[in-house]
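The chain below stands alone and is given as structure tokens, in the form predicted alone.
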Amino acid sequence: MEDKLKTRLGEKNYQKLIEIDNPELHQFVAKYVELCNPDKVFVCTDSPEDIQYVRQEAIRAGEEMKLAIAGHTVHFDGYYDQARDKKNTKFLLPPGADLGANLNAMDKEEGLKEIHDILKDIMRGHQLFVRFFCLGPLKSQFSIPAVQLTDSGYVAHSEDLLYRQGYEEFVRLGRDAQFFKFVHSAGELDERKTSVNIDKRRVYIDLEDETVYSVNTQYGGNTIGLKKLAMRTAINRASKEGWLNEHMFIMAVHGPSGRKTYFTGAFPSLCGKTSTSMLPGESIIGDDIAYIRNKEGVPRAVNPERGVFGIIQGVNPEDDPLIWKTLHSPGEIIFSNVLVTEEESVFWIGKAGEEPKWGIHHSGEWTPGKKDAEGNEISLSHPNARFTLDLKLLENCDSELDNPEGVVIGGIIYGGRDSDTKVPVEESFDWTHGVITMGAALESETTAATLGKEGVRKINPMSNLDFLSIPIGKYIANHLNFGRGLKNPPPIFSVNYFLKDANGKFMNDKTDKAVWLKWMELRSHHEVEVIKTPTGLIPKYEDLKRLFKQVLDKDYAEKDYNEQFTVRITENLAKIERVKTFYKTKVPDTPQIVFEVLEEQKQRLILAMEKYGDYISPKTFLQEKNQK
């Protein structure tokens, strides 16, 4: 093997590889160099020269183009390669293994044979990049080393911005490295340097060997293996080791006297996750994924990433001032599937300013009204267009981003799109109640503009359903068990920014979420009182009135408070039935306590309805409390 490796890599790259004392790694690289048969192999260390080489190769090969602002480049995926391929993303399972009906899986041997047949000689004419990264801060209990083999300079460059360099970590760990493995090839490319054989696009995840295979695709969600693909292998590992891998942001909410309280938050798409984590005045550690561990009875979290692969549609200076400023400043940023204008600047759907009449994007040259082969009008940028950047380019990047100990979690937030049921902000009674009624019961309505039929409610446990690699019931049980091991579990909250009145008008302004966050920060330190309702603990009017003035310099009417925080009995009872039906029919391994806690909530709601009617104002519950 050594002679063959040295021949294929050349002396310089061979020496870089064997500097890492890990025979398993050497065998892995040798196997796929031989199978994929690239013309050239480049082993990338953490040196600035090596990293710069990869970035230059992405441009030289035509996968990226320079833009007018220094450091900015643009990449185009193929027209039909613009999103995660859920149909062809499968777990490879050995005989007897079962992840449940909700997860897409196939026989491991069958899948490996298929993927290896596709990979045979697939990199002929290409250069293979051997990349080393670290999921989580370096030299940390949270860290997971990862090696990526890819023939795409764009993928290799993107990972430079999204992950911590890991070559030195591999050298340090040597044979002790328990690393994730990723094999990617964009496959045959057309004249625009985009993947041709989309019919053979495959994304296969081998949980046993912690290896991800991705072929005939360039879109980042399918190819940047350390992101949502690694999330699946990490959820599986976390389940075995007793920690949590969550689809959550990590942010610091700044409280009184310079205090910072860290929150994690899970929101399905289009429910306010990014806008919450990027609120002006607060600071961010991560916008997407959190590793959470119990360290001596205290929950601590890290961001396994160090960058953002963010949806750019709708980013504008009013709603996203921090991101907007960064996207218009010099710095290393990759735009993908946006429109490039004659001035070599970029435009996207929802960007402020007059729309261009000409540009280049993922469909080639574009003018308004252009249609694709199926007769569909092509928008000026793809709805899933993205930007990729290092978090440290953002003014609000938190100082604890790379803390190997992680940050102490002061609260957990679950948010969904709900027009008629949940109040704007609410705290659970305890950890178990929060995990079940706010996390496991997390539900969101679809929007007509983006997801098809409007108002369809979908249950998405912890906003992690698409990425689970273990049965849903086990996943919920892991959460419940995790809380039992904590000395003082952090409070769990739900938020709902989308409550509407009888006329279909939103009851909350976009900016109100800043107040809900400040209230949650105070609650995590028990500095404000609450009103107990059948579904949880809600704020008192006086506290919110003060916070609205302090935070937004805005008057908050008691009439608005009473409307927003009315407990809607009928709607809450209907939600409980939807959640129970989901778990009874789709999750055979649901822990019994889920049904018990939901039934307790149902009985509290029925009792309140018998006493006070279908719609109960917070004032009623406050009076009830005062009478006791």
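Please read all numbers here as calculations on a predicted model, not as lab measurements. So that there is no doubt, residue numbering starts at 1 and follows the sequence shown.
FYI, the form predicted together with sulfopyruvate isn't displayed, but the following is about it.
- Although the partner is absent here, R201 lies well away from sulfopyruvate in the predicted complex, with no heavy atom inside 4.5 Å.
- Contact between D288 and sulfopyruvate in the predicted complex is found at the 4.5 Å heavy atom cutoff.
- Among residues of the shown chain, P489 is not one whose heavy atoms approach sulfopyruvate to within 4.5 Å in the predicted complex.
- By the criterion of a heavy atom within 4.5 Å, F309 is counted among the residues contacting sulfopyruvate in the predicted complex.
- When you look in the predicted complex, the only residue of H479, R417, R386, H362 with a non-hydrogen atom within 4.5 Å of sulfopyruvate is R386.
- The contact with sulfopyruvate in the predicted complex, taken as any heavy atom within 4.5 Å, belongs to R84 out of R84, K108, K351, K193.
- With sulfopyruvate omitted here, the record of contacts in the predicted complex names 222-230 of 222-230, 204-212, 174-182, 397-405, defined by a heavy atom within 4.5 Å.
- Scanning 236-263 for heavy atoms within 4.5 Å of sulfopyruvate in the predicted complex gives just one residue, H247.
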